[in-house]
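The chain below stands alone and is given as structure tokens, in the form predicted alone.
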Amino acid sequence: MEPEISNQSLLFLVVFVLIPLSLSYFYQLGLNKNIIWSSLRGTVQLFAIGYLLTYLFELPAMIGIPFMISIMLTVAAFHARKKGMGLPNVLLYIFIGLLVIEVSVLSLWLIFDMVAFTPSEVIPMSGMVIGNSMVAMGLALERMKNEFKENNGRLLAALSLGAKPSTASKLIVQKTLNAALIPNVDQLKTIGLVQLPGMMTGLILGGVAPVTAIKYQLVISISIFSSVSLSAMFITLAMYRYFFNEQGQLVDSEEEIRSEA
């Protein structure tokens, strides 16, 4: 018998929402509307995707999988793009990066028989890879923009001494990649000790043997770790050059960056 949570029990989740809502009100954080909206939106989205997945799981794999992955890639690209607003072609780079990484990871899963080519396995696991890659790209873009802004003087000094843009921005690229990768490195270090990961927990609650659940968790955890690394590296190396013009001079504002593209 599959474990099930009643609708009445779900209503009591409002208690968990009231806690951050109360803190926001007490400390005047101004997050009240965001907390309420995010909670309602997340609930509606999860139920909607639940009904959609129920339908997709009944479709042939060659239809359901590409359809859902295309939606996930598009939404992820537009969301990550917000962190890189002002940078030219950032949406295209993000989408291409996510697509290449997803196709590569999925190909390896199928080649080495880690995952069956069925919607019920490919779609949830691909969602985790795409979602974490999206976050990594967003973090990388945000950190890179801040680093270029804060290190404007150092960059100008390096360029005036004859350094190439790639050399002058090497430290910024390193800091950007470091910031984007640290969360996943720390998570991988403590996996199974500090927390039981979501996929493993879900499989165990669904009645799967713990050792089998661990195998699936290892597949997704290592895949995510690799995908996050590649995502952050790709978007950083692809976009840092737009902070310089064709003459190798530093571009100061987002307007100038767009005009130089």
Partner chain sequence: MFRFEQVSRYPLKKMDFQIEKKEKVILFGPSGSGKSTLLFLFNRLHNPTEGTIYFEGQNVKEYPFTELRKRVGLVLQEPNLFPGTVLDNIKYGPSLFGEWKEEDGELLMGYVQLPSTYLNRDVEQLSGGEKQRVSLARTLANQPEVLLLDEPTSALDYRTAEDIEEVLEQLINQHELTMIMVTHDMRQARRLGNRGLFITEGKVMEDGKLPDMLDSPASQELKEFLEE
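Positions refer to the first chain, counted from 1. Values in this document were obtained by computation on a predicted structure and should not be read as measured data.
There is also a form predicted in complex with its partner chain; it is not shown, and the following applies to it.
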{"item": "114, 188, 173, 163 - the one with a heavy atom within 4.5 Å of its partner chain in the predicted complex", "value": "163"}
{"item": "In the predicted complex, the residue from 105, 168, 177, 73 that sits within 4.5 Å of its partner chain by heavy atoms", "value": "168"}
{"item": "Interface membership of residue 247, its partner chain in the predicted complex, 4.5 Å heavy atom rule", "value": "yes"}
{"item": "In the predicted complex, residue 79 touching its partner chain (heavy atom, 4.5 Å)", "value": "no"}
{"item": "Partner contact for residue 87 in the predicted complex: its partner chain, 4.5 angstroms, heavy atom", "value": "no"}
{"item": "4.5 Å heavy atom contact, residue 156 to its partner chain in the predicted complex", "value": "yes"}
{"item": "Location of its partner chain contact in the predicted complex, chosen stretch of 129 to 137, 177 to 185, 90 to 98, 146 to 154 [non-hydrogen atom, 4.5 Å]", "value": "146 to 154"}
